[in-house]
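Quick heads-up: it's one chain on its own, the form predicted alone, in structure tokens.
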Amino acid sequence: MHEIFKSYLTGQIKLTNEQWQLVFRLWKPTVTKRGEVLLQKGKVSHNTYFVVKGCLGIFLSGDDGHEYTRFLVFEGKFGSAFPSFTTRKPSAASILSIEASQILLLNYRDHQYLLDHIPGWERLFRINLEKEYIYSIQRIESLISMDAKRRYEILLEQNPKLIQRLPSKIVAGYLGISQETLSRLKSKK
């Protein structure tokens, strides 16, 4: 798993062999089962994740028990319940392994250590954070300004495998629509 991680980071950061060894020691390889809960709502998020293979979902639960998909974290992406991870306060979100996954996890203390002791790590973190922030804003804007049909069309254009790969419940939650609406949209294509 570490070699895939190194391959992903190569070109974004230059590290010595000793620095890579430190990074590998702190990012712990973990295998998750489908449906495994990595973080429960109301608990403090102690880890951030890098998905080597599989998919993690970050979900919010409404008072009615309905789940809303905040983020999906696929291969080659970082993910966490970032507000909780950063503020050290209980999370409003849960993290679930949607598929059996191979992930690397980094705890908060080790995350801070890398930021303080590995030249370029803070820049790498900032650049990835900026990309995810822009993606989040674009997603929020689409939920506010586009109808269900247009959001579905964009998802088909940008990531058609997501629709095939994930259960309809999760895709619908990600699009901010009901499963019934998703089913109607799929049948029209």
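Given the structure is predicted, the values throughout are model-derived calculations rather than measurements. A residue's number is simply how far along the shown sequence it sits, counting from 1.
What follows is about the form predicted in complex with the DNA, which we do not show.
Although the partner is absent here, residue 168 lies within 4.5 Å of the DNA in the model of the complex, judged by heavy atoms. The closest heavy atom approach of residue 66 to the DNA in the model of the complex falls within 4.5 Å.
None of the heavy atoms of residue 7 is located within 4.5 Å of the DNA in the model of the complex. For residue 21, no non-hydrogen atom is located within 4.5 Å of the DNA in the model of the complex, even though that partner is not displayed.
Only one of 53-61, 140-148, 24-32, 117-125 lies within 4.5 Å of the DNA in the model of the complex by heavy atoms, and it is 140-148. Along 151-185, a non-hydrogen atom within 4.5 Å of the DNA in the model of the complex is carried by 167, 168, 169, 176, 177, 178, 179, 180, 181, 183, 184, in order along the sequence.
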